[in-house]
Structure formats: structure tokens, C-alpha cells
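Take a look at this one chain, the form predicted alone, written out in C-alpha cells.
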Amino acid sequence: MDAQTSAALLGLVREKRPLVHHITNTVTINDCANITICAGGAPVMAGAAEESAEMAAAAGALVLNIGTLDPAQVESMLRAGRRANECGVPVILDPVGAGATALRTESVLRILEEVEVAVLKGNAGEIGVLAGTGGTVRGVDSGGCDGDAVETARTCARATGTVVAMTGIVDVVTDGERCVLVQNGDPLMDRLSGTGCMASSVVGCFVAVADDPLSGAAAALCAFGLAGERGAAAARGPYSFRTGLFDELYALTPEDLAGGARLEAA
């Protein structure tokens, strides 16, 4: 995995414009739709159980985000996830707030048990909880994981059988054996609600066109982080940063990503 691979995958996203089906939370749904467009994908937000499986079958990727979950939404996610698995559509799961309440943790574990998830994208606290190694989650914010971050992500990947993309100051992407560290990003990304949700949407775009979920997830986080770095350069605060983040991702070229991706094997 290198910068050139990331650049090539961005080119494929722009060429193929994959349909990314979201069943996601109500707080950031509009941001997720627009960041998908800026990355080069085509978003659809279809959460009703009566249509979720049908929509998943037509998508290039399915993004499940439990940020504002309820039992009916979980049932819709399960229907969509099973159908996505039948059709070979990769599933990205964002376990927002796992560890904060029993409902959230149990729902994530049920989805992981009943659906084959390609990429589990979460913060350090969520991944630590799901790895069983310890993590702290306050509301939907990470209080960090216990112990070494890389080993926590590896343990979670092995335990769940997925690629884990653990976001933070340095993002850790691993399938339990291979591991990539992504250093793109800016502290302002932690001062704006929904950047984690948006990262999952971008991961959906890239995994939809990648042969390897690990490469797709790492490339997506490089692109999103680099857009964040560029957006922060002219920002006066979180909300002007928000505008810059969208604009910079939209303008990002494969050549930009080839020159600006900062990733290394661990």
C-alpha cells in the first residue's frame, strides 16, 4: 500500500462514481451525502426496512452508521447487510458510541455476527470496547483505548474478522496481519461534528472500487485527511473549516493524493 495506489483508487472513484447506500444517523446525514459527492461517489440514504435490501443490492457499497439507532433501524441494517453479502457488495460499519450504552454495543455485536462486514471504522474508544481490550466512550466521543493503539486495532480485526480502520491523530488500518498508519489530517477535524461519519462515507466510496478493503480504507482516509489539511489552511474556525473540507475534497486530484498521502506500514 503506497501513495500511488491511493491515487489510482481516487481516480477509479471519480471514473466509476459508485452508488453508496447509507443507513445512517439523523445528525450528519446531509454532510454524509455531500461528502460522498465531493469524493466522487453517488449517495443514497434509504433507511426503511421495506426497501433497504433492494437498495443494497443495487449499490457499490453499503454504509451502516448507528449514531442515532433504534431497534427498527437495526432490523433495516440487518436486512440490507444480508442482501449486500449475497450480492458481493462491501459493507462498512461505523459503530458510533459503541460502549456508551448496552443497546449500542449489543447492536454492533449483532450486526457483526449476522453480516459479513468488510470494514469496521471507529474511533479508539469504540474499537477498544469491541476488541475487548478496553476503551472509553463518552456519548459518541472517544476517550481512547487501553494499551497500544496498533495492537488494539489488530486484536479487534482478528476478533471480528474485518478490516479495522481506527481513526485518531494517526489512523490505523489493519486486517490483523497487515497494518497501515495514515498520518494525514488536521486537529480541526476533531472540532467539527460528523467528521467520523463523513470518513465512513468516503471509505464506502473507495472500498466500492477497490479489490482490497484494506487498501480502499487506507486510501480513503489519506484523501479525507489531506482535504482536511488543505481546508484548515484557510479556516478561521470549525465552520469555515467545514466549507474548506468539502471544497478541498471535491478539488483533490489523483496527482495531489500521490504527492500528499502520508502513510506507512507498521
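Position 1 is the first residue in the sequence shown; the rest follow in order. Remember, predicted model here, so these are calculated numbers, not experimental data.
We do not show the form predicted in complex with another copy of the chain, though everything after this point is about it.
Only one of 100-108, 175-183, 86-94, 155-163 lies within 4.5 Å of another copy of the chain in the predicted complex by heavy atoms, and it is 100-108. For residue 232, no non-hydrogen atom is located within 4.5 Å of another copy of the chain in the predicted complex, even though that partner is not displayed. Although the partner is absent from this view, residue 213 stays clear of another copy of the chain in the predicted complex, with no non-hydrogen atom inside 4.5 angstroms. Another copy of the chain in the predicted complex comes within 4.5 Å of no heavy atom belonging to residue 255. Using a 4.5 Å cutoff between non-hydrogen atoms, residue 114 does not count as a contact of another copy of the chain in the predicted complex. Counting a residue when any of its non-hydrogen atoms is within 4.5 Å of another copy of the chain in the predicted complex, the hits in 227-266 run 236, 237, 238, 239, 240, 242, 243, 246, 247, 250.
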